[in-house]
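Take a look at this single chain, the form predicted alone, given in structure tokens.
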């Protein structure tokens, strides 16, 4: 899950990260792990401590902190790797950047024996996010998904489709009829559109270089966006709302529905106890009653830098960091779901997601990853610029979107 707080400026972070003895010129090699740590509640630090002890002096992992925003993380890593920076041994990549980094040859695929070990028992949708052209370039460490959160005191049965939710919200009316979504012009908006079109039975791309966007599912997804932008469903600040703004609005007690990540649950317990006692969780709604929903999918994957002078140790360290005990630490300390399916039966996960751990697993297994393409950043910008704000969305945007995104994939569009 993306963290929405910008805690570190990009320029300061770029200047502040040192390339610590990655070449291992004397003594055991130092392996630099580039990641954003504040959002994990100390899970990365705990995993590194565990793996350093397990290494027995053969290598030492050191954390190099990245900015909190995924786009800033990408920019910093891309600049360094484009310059063939050997200090990047392991990078924790947002799930959307595998295609770009693999195509640019900034990261290297896992050796097949280790790739098979990663695939074994790992939720298939999360493996897909780390895979490019049938090779595993990034090992899933943490995952995330969005659920439909609703008020149990107002809604007898949670809606299975967006149309059902619109009807229930219309009946509630006023402030209680508001549906909180991520409407800001940012990656969260792309997450919403991608989930909608896949929940309608379509997809954005048919290959890393070819736009799909079949007409029926695309128009159905656009119709949901159109309707959600109208009263009573739209929050007045919808065009600028990201995940945290939606959380805050839901905690006021007005809105009855929200699609968001599970971080909202402990937040409501702390900040809005009257709201918390009436929160229910359900699967992300589908667009069509005949198609199962494809919920959003987030998370972090571990990749090995192409210019690392310690590849063998880096692969070993990445495998250690993602071991089950460390995935459970990420859940316990940071609220981040694991990627190993069997871990959802562990008491740590059951405690983190009381009453909805099985729903989290179901959602992650059914989730629709965002497109794997080297041009993902331009693709994302194309979707944001064509379809934002939600109130401007129309059915005619379907053809415009196809043209814009194909230009982005062909290198003719957004840079």
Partner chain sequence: MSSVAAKAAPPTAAPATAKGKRHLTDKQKGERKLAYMLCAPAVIAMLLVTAYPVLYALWLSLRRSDLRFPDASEFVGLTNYITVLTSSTWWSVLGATTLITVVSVAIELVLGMALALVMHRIIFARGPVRAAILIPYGIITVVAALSWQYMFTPENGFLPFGISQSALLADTAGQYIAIIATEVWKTTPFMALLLLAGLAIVPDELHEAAKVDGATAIQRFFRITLPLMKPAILVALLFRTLDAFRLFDSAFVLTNGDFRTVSILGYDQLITRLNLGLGSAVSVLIFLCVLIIAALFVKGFGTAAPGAGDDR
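Bear in mind the structure is a predicted one, so any value in this text is a computation, not a measurement. Residue numbers count along the first chain shown, from 1.
Just so it is clear, the following notes concern the form predicted in complex with its partner chain, a form of the same protein that is not shown.
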| item | value |
| --- | --- |
| Proximity of residue 106 to its partner chain in the predicted complex, heavy atoms at 4.5 Å | yes |
| In the predicted complex, residue 74 touching its partner chain (heavy atom, 4.5 Å) | yes |
| 4.5 Å heavy atom contact, residue 187 to its partner chain in the predicted complex | no |
| Contact flag, residue 173 vs its partner chain in the predicted complex, heavy atom cut 4.5 Å | no |
| Selected contact from 324, 266, 236, 253, since only one has a non-hydrogen atom within 4.5 angstroms of its partner chain in the predicted complex | 236 |
| The single option of 55, 366, 46, 381 touching its partner chain in the predicted complex, heavy atom within 4.5 Å | 381 |
| Which of 298 to 306, 240 to 248, 312 to 320, 118 to 126 sits within 4.5 Å of its partner chain in the predicted complex, heavy atom basis | 240 to 248 |
| Non-hydrogen atom within 4.5 Å of its partner chain in the predicted complex for each of 346, 349 and 361 | no |
| In the predicted complex, residues of 52 to 86 near its partner chain [heavy atom within 4.5 Å] | 74, 75, 78, 79, 82 |
